[in-house]
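Quick heads-up: it's one chain on its own, the form predicted on its own, in C-alpha coordinates.
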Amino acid sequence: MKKNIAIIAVLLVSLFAMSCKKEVLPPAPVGPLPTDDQLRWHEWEQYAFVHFTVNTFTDKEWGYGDESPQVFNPTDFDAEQWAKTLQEVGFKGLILTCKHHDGFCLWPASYTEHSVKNSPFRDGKGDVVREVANACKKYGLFFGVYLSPWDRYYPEYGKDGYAWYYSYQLSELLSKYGDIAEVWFDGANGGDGYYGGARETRRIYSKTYYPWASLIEQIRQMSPRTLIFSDAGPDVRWCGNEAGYVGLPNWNTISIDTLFPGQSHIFDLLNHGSEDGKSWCPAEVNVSIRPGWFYHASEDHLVKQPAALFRIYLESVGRGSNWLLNIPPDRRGLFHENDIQALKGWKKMKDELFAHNLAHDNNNKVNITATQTRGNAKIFAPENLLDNDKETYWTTDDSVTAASITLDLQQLQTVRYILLQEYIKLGQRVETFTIEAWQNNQWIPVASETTIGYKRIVVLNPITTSKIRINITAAKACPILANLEVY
(Lines give C-alpha, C1' and ligand atoms only; values in the text may rest on other atoms or scores of the structure.)
Protein backbone atom coordinates (compact mmCIF):
# COMPACT_ATOMS: atom_id res chain seq x y z
CA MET A 1 0.00 0.00 0.00
CA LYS A 2 2.78 2.41 1.01
CA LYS A 3 4.63 1.52 -2.20
CA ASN A 4 1.57 2.44 -4.31
CA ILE A 5 1.16 5.70 -2.46
CA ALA A 6 4.82 6.52 -3.10
CA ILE A 7 4.46 5.81 -6.82
CA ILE A 8 1.35 7.98 -7.04
CA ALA A 9 3.17 10.78 -5.19
CA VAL A 10 6.09 10.62 -7.61
CA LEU A 11 3.70 10.76 -10.56
CA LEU A 12 1.85 13.71 -9.08
CA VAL A 13 5.10 15.57 -8.49
CA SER A 14 6.19 14.86 -12.07
CA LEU A 15 2.87 16.04 -13.47
CA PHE A 16 3.04 19.19 -11.35
CA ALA A 17 6.59 19.87 -12.53
CA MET A 18 5.54 19.40 -16.15
CA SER A 19 2.59 21.75 -15.70
CA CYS A 20 4.87 24.35 -14.16
CA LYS A 21 7.44 24.12 -16.93
CA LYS A 22 7.50 27.34 -18.89
CA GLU A 23 6.49 27.28 -22.54
CA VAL A 24 9.41 28.12 -24.84
CA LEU A 25 8.24 31.13 -26.83
CA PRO A 26 9.48 32.06 -30.30
CA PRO A 27 11.83 35.03 -30.70
CA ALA A 28 10.39 38.52 -30.91
CA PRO A 29 10.61 40.26 -34.31
CA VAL A 30 13.66 42.42 -34.96
CA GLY A 31 13.73 45.51 -37.15
CA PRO A 32 11.46 46.15 -40.15
CA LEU A 33 9.52 43.13 -41.39
CA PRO A 34 8.30 42.17 -44.88
CA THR A 35 4.61 42.40 -45.69
CA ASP A 36 2.80 39.31 -46.94
CA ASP A 37 3.09 40.66 -50.49
CA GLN A 38 6.82 41.26 -50.09
CA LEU A 39 7.20 37.69 -48.84
CA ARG A 40 5.40 36.57 -52.00
CA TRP A 41 7.82 38.73 -54.01
CA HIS A 42 10.84 37.01 -52.43
CA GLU A 43 9.50 33.64 -53.53
CA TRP A 44 9.29 34.74 -57.19
CA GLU A 45 13.11 34.83 -57.32
CA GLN A 46 13.48 35.22 -61.11
CA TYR A 47 11.24 36.77 -63.77
CA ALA A 48 11.47 38.61 -67.08
CA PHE A 49 11.63 42.21 -68.21
CA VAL A 50 10.33 42.71 -71.76
CA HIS A 51 11.40 45.87 -73.60
CA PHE A 52 9.30 46.26 -76.76
CA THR A 53 8.17 49.44 -78.55
CA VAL A 54 8.92 51.58 -81.61
CA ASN A 55 12.63 51.35 -80.71
CA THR A 56 12.53 47.71 -81.76
CA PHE A 57 11.83 48.89 -85.30
CA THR A 58 14.04 52.01 -85.38
CA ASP A 59 17.10 50.22 -83.93
CA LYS A 60 17.33 52.69 -81.03
CA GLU A 61 17.67 52.27 -77.29
CA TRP A 62 15.89 55.50 -76.36
CA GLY A 63 13.28 56.80 -78.78
CA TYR A 64 13.21 60.57 -79.21
CA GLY A 65 9.41 60.79 -79.23
CA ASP A 66 8.96 61.74 -82.88
CA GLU A 67 8.71 58.16 -84.16
CA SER A 68 5.62 57.49 -86.25
CA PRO A 69 3.25 54.86 -84.84
CA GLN A 70 3.36 53.37 -88.35
CA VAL A 71 6.79 51.87 -87.67
CA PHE A 72 5.36 49.55 -85.01
CA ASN A 73 4.46 46.47 -87.04
CA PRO A 74 5.53 43.08 -85.64
CA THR A 75 4.96 40.47 -88.34
CA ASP A 76 4.38 37.38 -86.15
CA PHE A 77 3.58 38.75 -82.71
CA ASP A 78 2.93 35.93 -80.24
CA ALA A 79 2.75 36.76 -76.54
CA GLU A 80 2.10 33.10 -75.78
CA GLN A 81 5.53 32.23 -77.18
CA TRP A 82 7.01 34.60 -74.60
CA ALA A 83 4.96 33.22 -71.71
CA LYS A 84 5.45 29.58 -72.64
CA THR A 85 9.22 30.06 -72.90
CA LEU A 86 9.38 31.74 -69.51
CA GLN A 87 7.22 29.10 -67.87
CA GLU A 88 9.40 26.32 -69.29
CA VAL A 89 12.63 27.79 -67.91
CA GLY A 90 11.18 28.42 -64.44
CA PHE A 91 10.59 32.17 -64.56
CA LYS A 92 7.67 33.33 -62.41
CA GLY A 93 6.43 36.40 -64.26
CA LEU A 94 6.85 39.17 -66.81
CA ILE A 95 7.07 42.97 -66.57
CA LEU A 96 6.25 44.74 -69.85
CA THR A 97 7.42 48.20 -70.96
CA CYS A 98 3.90 49.45 -71.64
CA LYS A 99 5.33 52.92 -72.31
CA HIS A 100 9.04 53.71 -72.58
CA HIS A 101 10.63 57.18 -72.67
CA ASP A 102 9.46 57.70 -76.28
CA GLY A 103 5.87 57.92 -75.03
CA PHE A 104 4.49 55.27 -77.41
CA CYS A 105 1.79 53.23 -75.67
CA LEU A 106 1.44 49.49 -76.27
CA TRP A 107 -2.27 49.72 -75.48
CA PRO A 108 -4.95 51.88 -77.18
CA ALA A 109 -4.44 54.63 -74.63
CA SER A 110 -6.91 57.44 -74.13
CA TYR A 111 -5.76 61.07 -74.30
CA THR A 112 -2.97 60.37 -76.80
CA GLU A 113 -2.73 59.34 -80.42
CA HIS A 114 0.78 58.00 -79.90
CA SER A 115 -0.19 54.36 -79.42
CA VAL A 116 -0.86 51.04 -81.12
CA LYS A 117 -4.30 52.27 -82.18
CA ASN A 118 -2.56 54.29 -84.92
CA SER A 119 -0.16 51.53 -85.95
CA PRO A 120 -0.52 48.73 -88.54
CA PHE A 121 -0.50 46.18 -85.70
CA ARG A 122 -3.76 44.19 -85.84
CA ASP A 123 -5.03 46.86 -88.29
CA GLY A 124 -5.05 49.43 -85.51
CA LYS A 125 -7.24 47.27 -83.27
CA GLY A 126 -4.44 45.58 -81.37
CA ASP A 127 -3.56 45.76 -77.69
CA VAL A 128 -0.15 44.34 -76.81
CA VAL A 129 -0.72 44.82 -73.09
CA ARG A 130 -3.91 42.76 -73.15
CA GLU A 131 -2.38 39.92 -75.17
CA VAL A 132 0.62 39.73 -72.84
CA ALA A 133 -1.58 39.86 -69.73
CA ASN A 134 -3.75 37.05 -71.10
CA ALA A 135 -0.71 34.95 -72.04
CA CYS A 136 0.73 35.34 -68.55
CA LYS A 137 -2.54 34.21 -67.02
CA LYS A 138 -2.69 31.17 -69.32
CA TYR A 139 0.82 30.04 -68.37
CA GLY A 140 0.60 30.81 -64.65
CA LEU A 141 2.89 33.85 -64.65
CA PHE A 142 2.37 37.10 -62.79
CA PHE A 143 2.07 40.26 -64.91
CA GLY A 144 3.68 43.62 -64.16
CA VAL A 145 3.80 46.97 -65.93
CA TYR A 146 6.55 49.49 -66.61
CA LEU A 147 5.24 53.02 -67.21
CA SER A 148 8.04 55.51 -67.88
CA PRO A 149 7.55 58.74 -65.92
CA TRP A 150 9.56 60.51 -68.63
CA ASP A 151 7.65 61.07 -71.87
CA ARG A 152 9.61 62.57 -74.80
CA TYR A 153 6.47 62.74 -76.96
CA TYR A 154 3.80 64.40 -74.82
CA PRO A 155 3.57 68.21 -75.31
CA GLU A 156 2.92 68.93 -71.62
CA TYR A 157 5.88 67.00 -70.23
CA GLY A 158 7.85 69.26 -67.92
CA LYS A 159 4.78 71.45 -67.36
CA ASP A 160 1.87 71.39 -64.96
CA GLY A 161 -0.43 69.52 -67.35
CA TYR A 162 1.52 66.26 -67.38
CA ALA A 163 0.70 64.95 -63.89
CA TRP A 164 -2.97 64.21 -64.59
CA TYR A 165 -2.06 62.56 -67.92
CA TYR A 166 0.43 60.21 -66.28
CA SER A 167 -2.01 59.42 -63.47
CA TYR A 168 -4.71 58.57 -66.00
CA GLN A 169 -2.37 56.25 -67.90
CA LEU A 170 -1.60 54.49 -64.64
CA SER A 171 -5.34 54.16 -63.97
CA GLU A 172 -5.92 52.52 -67.34
CA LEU A 173 -3.24 49.93 -66.75
CA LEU A 174 -4.41 49.16 -63.22
CA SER A 175 -8.09 48.88 -64.13
CA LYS A 176 -8.22 47.11 -67.50
CA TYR A 177 -5.72 44.24 -67.42
CA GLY A 178 -6.45 42.11 -64.39
CA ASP A 179 -4.10 41.64 -61.47
CA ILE A 180 -0.94 43.75 -61.71
CA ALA A 181 1.81 42.26 -59.57
CA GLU A 182 4.36 45.06 -59.84
CA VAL A 183 4.51 48.63 -61.13
CA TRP A 184 7.98 49.65 -62.30
CA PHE A 185 9.00 53.34 -62.11
CA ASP A 186 12.14 54.13 -64.12
CA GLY A 187 14.67 56.62 -62.76
CA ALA A 188 15.44 58.29 -66.13
CA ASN A 189 13.69 61.65 -66.10
CA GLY A 190 13.93 64.75 -68.29
CA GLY A 191 16.18 65.85 -71.14
CA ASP A 192 15.86 66.50 -74.83
CA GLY A 193 12.78 65.31 -76.69
CA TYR A 194 10.17 65.93 -79.34
CA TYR A 195 7.53 67.17 -76.87
CA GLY A 196 4.78 67.64 -79.44
CA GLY A 197 7.04 69.41 -81.91
CA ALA A 198 8.83 71.75 -79.52
CA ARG A 199 12.05 69.78 -79.96
CA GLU A 200 13.76 71.11 -76.89
CA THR A 201 15.39 70.10 -73.62
CA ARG A 202 13.19 70.06 -70.53
CA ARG A 203 14.68 69.48 -67.11
CA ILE A 204 12.64 68.46 -64.10
CA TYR A 205 13.39 67.74 -60.45
CA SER A 206 12.05 64.26 -59.93
CA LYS A 207 11.40 64.64 -56.21
CA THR A 208 8.91 67.48 -56.66
CA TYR A 209 7.78 67.34 -60.29
CA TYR A 210 5.96 64.02 -60.05
CA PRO A 211 3.25 63.70 -57.38
CA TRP A 212 4.84 60.56 -55.96
CA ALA A 213 2.74 60.46 -52.80
CA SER A 214 -0.54 60.62 -54.69
CA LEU A 215 0.66 58.15 -57.35
CA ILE A 216 1.59 55.64 -54.65
CA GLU A 217 -1.75 56.18 -52.92
CA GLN A 218 -3.51 55.73 -56.27
CA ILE A 219 -1.88 52.31 -56.69
CA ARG A 220 -2.67 51.35 -53.08
CA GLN A 221 -6.32 52.24 -53.58
CA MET A 222 -6.83 50.72 -57.03
CA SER A 223 -4.68 47.60 -56.63
CA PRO A 224 -3.71 47.00 -52.97
CA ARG A 225 -1.53 43.95 -53.63
CA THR A 226 0.54 45.58 -56.36
CA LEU A 227 4.19 46.08 -55.38
CA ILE A 228 5.89 49.34 -56.31
CA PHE A 229 9.45 49.41 -57.62
CA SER A 230 11.67 52.48 -57.94
CA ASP A 231 15.05 53.76 -56.74
CA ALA A 232 13.22 54.59 -53.53
CA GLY A 233 10.76 51.71 -53.34
CA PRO A 234 8.55 51.90 -51.37
CA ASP A 235 8.19 48.11 -51.76
CA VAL A 236 11.16 47.09 -53.91
CA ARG A 237 14.34 49.07 -54.59
CA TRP A 238 16.80 49.16 -57.47
CA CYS A 239 20.13 47.38 -56.92
CA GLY A 240 22.07 50.46 -58.08
CA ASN A 241 23.49 48.99 -61.32
CA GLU A 242 22.49 47.22 -64.54
CA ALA A 243 25.42 44.80 -64.49
CA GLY A 244 23.54 41.91 -62.88
CA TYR A 245 24.59 41.79 -59.23
CA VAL A 246 23.67 43.00 -55.77
CA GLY A 247 26.40 43.75 -53.28
CA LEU A 248 27.59 42.04 -50.14
CA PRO A 249 26.48 42.68 -47.52
CA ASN A 250 22.92 42.88 -48.85
CA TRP A 251 20.40 44.19 -46.35
CA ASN A 252 16.72 44.05 -47.25
CA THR A 253 16.23 47.18 -45.15
CA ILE A 254 16.75 50.81 -46.12
CA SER A 255 15.39 54.18 -45.00
CA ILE A 256 13.17 55.25 -47.87
CA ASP A 257 11.90 58.47 -46.30
CA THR A 258 14.93 60.37 -47.63
CA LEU A 259 14.86 58.81 -51.11
CA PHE A 260 12.96 59.48 -54.32
CA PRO A 261 13.01 57.98 -57.84
CA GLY A 262 15.65 59.38 -60.16
CA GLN A 263 18.42 60.08 -57.66
CA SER A 264 21.90 59.65 -59.12
CA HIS A 265 24.26 59.55 -56.13
CA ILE A 266 23.04 56.65 -54.00
CA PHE A 267 24.21 53.66 -56.03
CA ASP A 268 26.27 52.14 -53.21
CA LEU A 269 23.43 52.52 -50.71
CA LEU A 270 20.99 50.85 -53.09
CA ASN A 271 23.47 48.06 -53.81
CA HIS A 272 23.95 47.13 -50.15
CA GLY A 273 20.90 48.41 -48.32
CA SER A 274 21.26 49.60 -44.74
CA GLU A 275 21.57 47.43 -41.65
CA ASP A 276 19.68 50.02 -39.61
CA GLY A 277 17.19 50.91 -42.35
CA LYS A 278 13.68 51.81 -41.24
CA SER A 279 11.75 49.97 -44.01
CA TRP A 280 11.77 46.51 -45.55
CA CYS A 281 12.65 47.32 -49.17
CA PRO A 282 14.63 44.51 -50.87
CA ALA A 283 16.71 44.95 -54.02
CA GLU A 284 15.71 43.85 -57.51
CA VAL A 285 18.54 43.12 -59.96
CA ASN A 286 17.65 44.21 -63.50
CA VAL A 287 19.98 43.25 -66.35
CA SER A 288 19.55 42.45 -70.04
CA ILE A 289 20.34 39.18 -71.76
CA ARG A 290 21.86 41.34 -74.54
CA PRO A 291 24.09 44.43 -74.44
CA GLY A 292 21.04 46.62 -75.14
CA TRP A 293 17.57 46.67 -73.64
CA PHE A 294 15.75 46.59 -76.99
CA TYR A 295 16.29 44.10 -79.80
CA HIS A 296 19.04 44.83 -82.32
CA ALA A 297 19.92 42.26 -84.98
CA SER A 298 23.57 43.28 -84.64
CA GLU A 299 23.52 41.81 -81.11
CA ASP A 300 22.24 38.35 -82.05
CA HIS A 301 25.73 36.94 -81.48
CA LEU A 302 26.18 38.81 -78.18
CA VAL A 303 23.47 37.06 -76.14
CA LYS A 304 24.70 36.13 -72.65
CA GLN A 305 25.47 32.42 -72.55
CA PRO A 306 24.26 29.96 -69.88
CA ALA A 307 27.38 30.26 -67.72
CA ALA A 308 27.08 34.04 -67.63
CA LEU A 309 23.38 33.81 -66.76
CA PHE A 310 24.16 31.33 -64.00
CA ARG A 311 26.73 33.71 -62.53
CA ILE A 312 24.10 36.47 -62.50
CA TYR A 313 21.66 34.09 -60.79
CA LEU A 314 24.21 33.39 -58.06
CA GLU A 315 24.95 37.11 -57.60
CA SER A 316 21.28 38.13 -57.43
CA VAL A 317 18.99 35.35 -56.16
CA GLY A 318 22.02 33.76 -54.48
CA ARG A 319 22.57 36.97 -52.52
CA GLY A 320 19.02 37.39 -51.28
CA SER A 321 17.56 39.53 -54.07
CA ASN A 322 15.33 38.91 -57.09
CA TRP A 323 16.55 38.71 -60.68
CA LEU A 324 14.72 40.65 -63.40
CA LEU A 325 16.19 39.51 -66.74
CA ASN A 326 15.34 41.54 -69.82
CA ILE A 327 14.52 39.49 -72.93
CA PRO A 328 13.66 41.84 -75.84
CA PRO A 329 11.40 40.48 -78.61
CA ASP A 330 12.61 40.95 -82.18
CA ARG A 331 10.79 42.65 -85.06
CA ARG A 332 8.65 39.56 -85.56
CA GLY A 333 7.32 40.05 -82.04
CA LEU A 334 9.01 36.85 -80.85
CA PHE A 335 11.80 35.97 -78.45
CA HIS A 336 14.79 35.30 -80.70
CA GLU A 337 16.05 31.73 -81.02
CA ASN A 338 19.47 32.66 -79.58
CA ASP A 339 17.88 34.10 -76.43
CA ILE A 340 15.69 31.03 -75.97
CA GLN A 341 18.65 28.70 -76.41
CA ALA A 342 20.61 30.62 -73.76
CA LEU A 343 17.68 30.50 -71.32
CA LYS A 344 17.22 26.77 -71.76
CA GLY A 345 20.95 26.23 -71.35
CA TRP A 346 20.86 28.22 -68.10
CA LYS A 347 17.99 26.13 -66.77
CA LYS A 348 19.75 22.90 -67.68
CA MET A 349 22.94 24.04 -65.93
CA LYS A 350 21.05 25.16 -62.82
CA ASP A 351 18.99 21.96 -62.64
CA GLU A 352 22.05 19.74 -63.01
CA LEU A 353 24.17 21.59 -60.43
CA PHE A 354 21.33 21.65 -57.89
CA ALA A 355 19.90 18.22 -58.66
CA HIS A 356 21.13 16.37 -55.56
CA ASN A 357 20.83 18.04 -52.17
CA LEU A 358 23.39 16.24 -50.02
CA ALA A 359 21.59 17.42 -46.88
CA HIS A 360 18.52 15.39 -47.94
CA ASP A 361 20.17 12.12 -48.96
CA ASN A 362 17.51 9.41 -48.68
CA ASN A 363 20.12 6.68 -49.07
CA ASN A 364 22.39 8.00 -46.36
CA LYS A 365 20.92 9.45 -43.17
CA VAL A 366 22.67 12.74 -42.41
CA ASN A 367 22.97 14.10 -38.90
CA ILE A 368 22.66 17.74 -37.84
CA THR A 369 23.52 19.30 -34.50
CA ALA A 370 23.82 22.80 -33.04
CA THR A 371 25.89 24.28 -30.22
CA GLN A 372 22.72 25.83 -28.76
CA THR A 373 18.97 25.48 -29.31
CA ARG A 374 16.34 27.80 -27.93
CA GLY A 375 15.13 26.40 -24.62
CA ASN A 376 16.38 22.98 -25.77
CA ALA A 377 12.96 22.72 -27.37
CA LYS A 378 12.34 20.35 -30.25
CA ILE A 379 10.18 22.96 -31.96
CA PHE A 380 13.35 25.03 -32.54
CA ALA A 381 15.78 22.14 -33.17
CA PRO A 382 18.38 22.15 -35.98
CA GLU A 383 16.55 19.27 -37.68
CA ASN A 384 14.06 21.92 -38.84
CA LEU A 385 16.68 23.09 -41.34
CA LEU A 386 16.26 19.84 -43.26
CA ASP A 387 12.48 19.28 -43.18
CA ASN A 388 11.49 21.18 -46.37
CA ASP A 389 9.03 23.26 -44.33
CA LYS A 390 9.54 27.01 -44.72
CA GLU A 391 7.55 27.70 -41.55
CA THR A 392 9.85 25.78 -39.19
CA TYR A 393 13.28 26.97 -38.10
CA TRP A 394 16.26 26.59 -35.79
CA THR A 395 17.02 29.39 -33.38
CA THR A 396 18.83 30.10 -30.13
CA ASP A 397 18.08 31.73 -26.81
CA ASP A 398 17.75 35.50 -26.93
CA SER A 399 21.14 35.96 -25.27
CA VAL A 400 22.93 33.85 -27.89
CA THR A 401 23.88 35.68 -31.10
CA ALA A 402 26.78 33.43 -32.11
CA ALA A 403 26.31 29.68 -32.60
CA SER A 404 27.31 26.81 -34.86
CA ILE A 405 25.49 24.14 -36.86
CA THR A 406 27.27 20.97 -37.88
CA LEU A 407 26.02 18.78 -40.71
CA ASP A 408 27.47 15.25 -40.74
CA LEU A 409 27.10 13.79 -44.24
CA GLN A 410 28.20 10.34 -42.95
CA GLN A 411 30.54 9.85 -45.91
CA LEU A 412 32.94 11.79 -48.11
CA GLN A 413 31.19 14.09 -50.58
CA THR A 414 32.36 16.76 -53.00
CA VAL A 415 30.74 20.04 -51.94
CA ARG A 416 30.54 23.21 -54.07
CA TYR A 417 27.45 25.14 -52.97
CA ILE A 418 25.90 25.87 -49.55
CA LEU A 419 22.38 27.32 -49.55
CA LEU A 420 21.04 29.04 -46.43
CA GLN A 421 17.78 30.83 -45.69
CA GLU A 422 16.76 32.99 -42.76
CA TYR A 423 13.22 33.04 -41.42
CA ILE A 424 12.70 36.62 -42.57
CA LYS A 425 9.16 36.87 -41.19
CA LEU A 426 10.90 37.78 -37.94
CA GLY A 427 13.46 40.08 -39.59
CA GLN A 428 16.88 39.85 -41.19
CA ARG A 429 19.43 39.15 -38.47
CA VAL A 430 22.70 37.52 -39.52
CA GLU A 431 25.57 39.98 -39.97
CA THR A 432 28.47 37.57 -40.53
CA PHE A 433 29.07 33.84 -40.75
CA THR A 434 31.80 31.41 -41.72
CA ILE A 435 31.82 27.91 -43.19
CA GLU A 436 34.28 25.16 -42.33
CA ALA A 437 34.86 21.68 -43.77
CA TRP A 438 36.24 18.67 -41.92
CA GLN A 439 39.48 17.46 -43.50
CA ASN A 440 42.45 15.55 -42.11
CA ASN A 441 40.78 15.39 -38.68
CA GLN A 442 40.46 19.16 -38.37
CA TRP A 443 38.15 22.01 -39.36
CA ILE A 444 39.36 23.91 -42.42
CA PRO A 445 37.93 27.40 -43.15
CA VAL A 446 36.35 27.51 -46.62
CA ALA A 447 34.27 30.72 -46.58
CA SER A 448 33.86 33.96 -44.63
CA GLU A 449 30.60 35.74 -45.47
CA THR A 450 28.23 38.53 -44.46
CA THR A 451 24.42 38.59 -44.79
CA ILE A 452 22.00 35.74 -45.56
CA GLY A 453 18.45 37.10 -45.87
CA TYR A 454 15.76 35.24 -47.80
CA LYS A 455 18.30 33.07 -49.64
CA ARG A 456 22.07 32.90 -49.76
CA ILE A 457 24.04 30.57 -52.03
CA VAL A 458 27.71 30.41 -51.06
CA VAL A 459 30.02 29.23 -53.84
CA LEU A 460 32.98 27.18 -52.63
CA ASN A 461 36.05 25.91 -54.35
CA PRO A 462 35.01 22.24 -54.65
CA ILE A 463 36.04 20.44 -51.49
CA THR A 464 35.78 16.77 -50.46
CA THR A 465 34.54 16.39 -46.90
CA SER A 466 32.22 14.40 -44.66
CA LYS A 467 31.17 17.29 -42.41
CA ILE A 468 30.25 20.94 -42.85
CA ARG A 469 30.08 23.49 -40.04
CA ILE A 470 28.29 26.84 -40.33
CA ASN A 471 29.30 29.36 -37.69
CA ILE A 472 27.04 32.37 -37.12
CA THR A 473 29.66 34.79 -35.83
CA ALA A 474 27.53 37.94 -35.43
CA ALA A 475 23.82 38.71 -35.56
CA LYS A 476 21.53 41.63 -34.67
CA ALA A 477 19.60 39.24 -32.41
CA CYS A 478 19.36 35.49 -31.94
CA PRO A 479 19.82 33.94 -35.43
CA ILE A 480 16.84 32.21 -37.04
CA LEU A 481 17.55 29.85 -39.96
CA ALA A 482 14.81 28.03 -41.86
CA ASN A 483 16.68 26.00 -44.47
CA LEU A 484 20.05 24.44 -45.26
CA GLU A 485 20.97 22.73 -48.52
CA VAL A 486 24.30 21.35 -49.72
CA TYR A 487 25.31 20.56 -53.29
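Sequential numbering from 1, following the sequence displayed. All of these numbers come straight from a predicted model, not from anything done at the bench.
The form predicted in complex with beta-L-fucopyranose exists for this protein as well; it is not shown, and the discussion that follows is about that form.
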{"query": "Exercise: residue 286 in contact with beta-L-fucopyranose in the predicted bound form, heavy atom 4.5 Å", "finding": "yes"}
{"query": "Interface membership of residue 188, beta-L-fucopyranose in the predicted bound form, 4.5 Å heavy atom rule", "finding": "yes"}
{"query": "Contact test in the predicted bound form: residue 212 vs beta-L-fucopyranose, heavy atoms, 4.5 Å", "finding": "no"}
{"query": "4.5 Å heavy atom contact, residue 237 to beta-L-fucopyranose in the predicted bound form", "finding": "no"}
{"query": "Listed residue (160, 76, 242, 200) with a non-hydrogen atom within 4.5 angstroms of beta-L-fucopyranose in the predicted bound form", "finding": "242"}
{"query": "Contact residue in the predicted bound form, chosen from 154, 346, 380, 184 - any heavy atom within 4.5 Å of beta-L-fucopyranose", "finding": "184"}
{"query": "Partner-proximal stretch of 286 to 294, 337 to 345, 77 to 85, 167 to 175 relative to beta-L-fucopyranose in the predicted bound form, 4.5 angstroms, heavy atom", "finding": "286 to 294"}
{"query": "Triplet 92, 137 and 143 all within 4.5 Å of beta-L-fucopyranose in the predicted bound form via a heavy atom", "finding": "no"}
{"query": "Within 4.5 Å of beta-L-fucopyranose in the predicted bound form: residues from 92 to 111 (heavy atom criterion)", "finding": "100, 101"}
